[in-house]
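Next up: just one chain, as structure tokens, the form predicted alone.
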């Protein structure tokens, strides 16, 4: 399992999701804290490419040995890519939550929404 970390280049939603914004496209995943709280991830139920997501609302589910949890979108937009590799290796969410464990790429409907997300220090402060 990866060490606790919160990369400075990412933005964070209080529901333990991260976004990496590049222009009008963002990559989403769950934070180290979220994957650690879930325990061993055994299944990722992805959304369909072309579906819409709304900031603060669920867009996918992650099943672990402990529970099934909703994954919350940190920003709004249209799903343009799903990490299909998680179908065969959902444990990548535990092993590399900010790399191979990414979940979806989204074309943002309003990139300015990212102004409402937390930086790494502010997110870590919510965990204490």
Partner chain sequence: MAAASADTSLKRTPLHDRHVAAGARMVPFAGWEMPVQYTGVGPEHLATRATAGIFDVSHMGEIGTSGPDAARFLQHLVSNDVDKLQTGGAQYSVLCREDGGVLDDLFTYRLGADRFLTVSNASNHDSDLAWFRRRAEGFDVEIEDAAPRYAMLAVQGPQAREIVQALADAPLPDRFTCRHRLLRGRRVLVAGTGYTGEDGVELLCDPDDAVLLWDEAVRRGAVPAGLAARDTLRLEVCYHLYGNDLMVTRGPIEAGLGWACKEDTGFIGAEAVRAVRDAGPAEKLVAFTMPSGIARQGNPVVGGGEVTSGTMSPSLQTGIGMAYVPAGRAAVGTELQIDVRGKLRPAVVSRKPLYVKP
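Positions refer to the first chain, counted from 1. Bear in mind that the values here come from a model prediction, so they are computed numbers and not experimental data.
Absent from the display: the form predicted in complex with the partner chain. The rest refers to it.
- With the partner omitted here, the stretch from 30-38, 73-81, 49-57, 97-105 that lies within 4.5 Å of the partner chain by heavy atoms in the predicted complex is 30-38.
- Using a 4.5 angstroms limit between non-hydrogen atoms, residue 92 is distant from the partner chain in the predicted complex.
- Applying a 4.5 Å heavy atom cutoff to the partner chain in the predicted complex picks out 61, 63, 64, 65, 66, 67, 68, 69 from 53-72, in order along the sequence.
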